[in-house]
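Here's a solo chain for you in structure tokens, the form predicted on its own.
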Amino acid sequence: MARKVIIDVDPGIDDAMALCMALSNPELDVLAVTAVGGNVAPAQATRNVQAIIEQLDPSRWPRLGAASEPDNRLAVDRRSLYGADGLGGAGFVVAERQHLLPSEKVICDQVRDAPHSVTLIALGPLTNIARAFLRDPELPSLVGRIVIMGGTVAGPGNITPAAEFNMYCDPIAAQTVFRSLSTKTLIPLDVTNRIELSYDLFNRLPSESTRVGRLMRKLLPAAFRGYRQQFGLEGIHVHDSVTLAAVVHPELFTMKSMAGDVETQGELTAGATVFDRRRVPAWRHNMEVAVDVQRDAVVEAILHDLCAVE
């Protein structure tokens, strides 16, 4: 039986790739795709989710959730990396959708409809999930699992020396989710940074006659350009796609039970993920954390899942 999932995204070219991998994967039943502000502002994130779904036109459309404005202004975005629209200036025109429900409402409804059976795949800031938990305090115990892309264990952050992007965008929401009674898996930068896709990727993409092939060929050049200009890299990191691979191919990852929390204040440390790794820890273990990965196998899995969807 296919696993029921909700994918919470802030697209982002990497998010678009993860959605390509997920939407027609027979192992996943994508109930909903919910937008959250992060790589781009909330309104743009909602448009981008619509655009990606329309470009892919899956045989079974998921429910869509609209991103709401955050409680505080987004601390940072990634438009300098992914372009003003988050999708490399692709310029997709989307059909105007009326009456889209807020993402947190969609999450609550879908989890309530299938209690203990839904995996939340959080590829952006944790704003929506925290709001869903505040809206419905029983929800954390009804979620099957939350798989979170974000944070670091031993490595540096990618926005500040201490903080990873998703955690830094909304550290209060991240702390709310970390401290909740839900079952959680964290895929941190320590693991996702080990996966780098080279320009040879274009030779392995599906044909341009397929929707995935066309979409990826339109989006990926901007990602490679951004990584080269900002980081001096000839390849790209695909943190969200690695996280999606961890859901579909968990055997390729080594997990460790850990006790984690998120720092919400501090001039230098806001958004930092903190783990109690003392000899005699005082914190209760509250999540599984990916600590190792079969790098080459995950690259092959990502390429296989991209090519298998059509």
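If you're wondering where the values come from, they're calculated on a predicted model, not measured in any experiment. Just count from 1 along the sequence shown to find any residue number.
One more form of this protein should be noted, the form predicted in complex with a small molecule, which is absent from this view; the next part is about it.
Sort through 281-289, 237-245, 261-269, 45-53 and report the only stretch with a non-hydrogen atom within 4.5 Å of the small molecule in the model of the complex.
That would be stretch 237-245.
Considering non-hydrogen atoms and a 4.5 Å limit, does the small molecule approach Leu123 in the model of the complex?
Heavy-atom contact with the small molecule at 4.5 Å: present for Leu123.
Can you tell me if Leu189 lies within 4.5 angstroms of the small molecule in the model of the complex, counting non-hydrogen atoms only?
Residue-level check for Leu189: yes, a contact with the small molecule.
Check whether Glu104 has any heavy atom within 4.5 Å of a heavy atom of the small molecule in the model of the complex, and answer yes or no.
Judged by the heavy-atom cut-off of 4.5 Å, Glu104 is well away from the small molecule in the model of the complex.
Decide whether Asn166 counts as a contact residue for the small molecule in the model of the complex under a heavy atom distance cut-off of 4.5 Å.
Because a heavy atom of Asn166 falls inside 4.5 Å of the small molecule in the model of the complex, the answer is yes.
So which of Asn158, Gln175, Thr119, Thr185 reaches within 4.5 angstroms of the small molecule in the model of the complex, heavy atom to heavy atom?
Contact check passes for Asn158.
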